[in-house]
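The chain below stands alone and is given in structure tokens; this is the form predicted alone.
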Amino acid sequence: MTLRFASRLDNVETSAIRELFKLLGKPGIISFAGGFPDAAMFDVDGVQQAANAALKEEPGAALQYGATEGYQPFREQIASFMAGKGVQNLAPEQLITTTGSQQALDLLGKTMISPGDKVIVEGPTFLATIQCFRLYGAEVISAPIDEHGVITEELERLIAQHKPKLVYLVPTFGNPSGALLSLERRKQVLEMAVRHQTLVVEDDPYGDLYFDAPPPPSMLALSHSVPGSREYLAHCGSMSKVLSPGLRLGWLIAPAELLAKCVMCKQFSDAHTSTFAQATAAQYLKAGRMPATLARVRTTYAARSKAMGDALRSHLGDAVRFVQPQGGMFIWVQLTGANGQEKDGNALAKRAIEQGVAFVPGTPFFAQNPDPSTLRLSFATADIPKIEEGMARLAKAF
């Protein structure tokens, strides 16, 4: 039997990260490959209490079908949560609940992208975004970054040249780069969005995972200071990295016309995000447990990030180059090839698995011109002894 699949699948491949997981069945392997939060950081008691409260206070609403836009108490809590991060005048009606922020990206692809449209992303960027936008027929163009995020002069040049449907950025502790877009560049991006009348999508799943000083305000929070920019800005948020990915809760804040189109498309795909998950999260936020949870996660990840950076320098020396992240879950490494050592991340990944350690090569994270000398290491799920042992094993793979 020959099935005739949709042509939109022709330019899309399965996730290189998901495929890598198939190789991780070897006993005792230490994995820095996943982008998962540490399950030991989950506030199980808090979530259980929140679920019980949801079932006690509004069992019918929590267990019933709900509005596509989202469960109103959850939307109210998210509006309050965002206000605490400097977002002014955000009403619950200005956001919709999504099944993880990944669905928000999919809805933006459905509503904004026609085959042949151009979209600009960072190089490197979140792998699933490249796949999602290509699925809807986009030509995905990479804008270069440095440790301070997207290089705005290059971004504006690309916008002027290609006139994209949208620009997608992960400005705060990006995946995979860990880069932090500076305050000055954030304002410049907002200004060019207005100047070129181009939608900017700000994806912010990691902004609360800072280690020392808080990062600059989100572009959404800054938009009040750049007249007109709010009309060209969509913001994606997520509970996955700060509470639980299993709840599958995200949200999308966007101009009213775009939000309405996304609601329509969401009706076709899943009717609504789990009302029980939303009710549970609403009770959790209402109980005020999030600040303590975030403080614990920040402290743990900061120590692991430092341990990984120290171990990389100790075991690999000038064979690697990286910027110590100020938050998030990842260290982005470039192999230098110094003294004739390995400079190909893909080749190193295969030998590393043989040594009992795994990471993700950097090439899949580029929409264009992939850099084979790069790799992504996640420090989120391994404790410090495993990080130190894993780096020692990685050194043996060179």
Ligand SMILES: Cc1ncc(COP(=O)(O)O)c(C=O)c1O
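Predicted model, so just to flag it, every value in this text is computed and none were measured. In case it trips you up, residue 1 is the first one in the sequence shown, and so on.
The same protein has a further form, the form predicted in complex with the named molecule, not shown here; the description that follows concerns it.
Only one of Gly309, Pro216, Gly100, Pro73 comes within 4.5 Å of the named molecule in the model of the complex through a heavy atom, and that residue is Gly100.
None of Pro205, Gly109, Gly149, Pro124 but one reaches within 4.5 angstroms of the named molecule in the model of the complex through a heavy atom, and that residue is Pro205. Remark: of stretches 133-141, 275-283, 179-187, 237-245, the one touching the named molecule in the model of the complex is 237-245 (heavy atom within 4.5 Å). The putative spot formed by Gln334, Met391 and Ala395 is not touched by the named molecule in the model of the complex; no residue has a non-hydrogen atom within 4.5 angstroms of it. The closest non-hydrogen atom of Leu220 lies beyond 4.5 Å of the named molecule in the model of the complex. Taking the partner from elsewhere, Ile113 is found to have every heavy atom lying beyond 4.5 Å of the named molecule in the model of the complex. For Tyr168, a non-hydrogen atom is located within 4.5 Å of the named molecule in the model of the complex, even though that partner is not displayed. In the model of the complex, the named molecule stays beyond 4.5 Å of every heavy atom belonging to Ser305.
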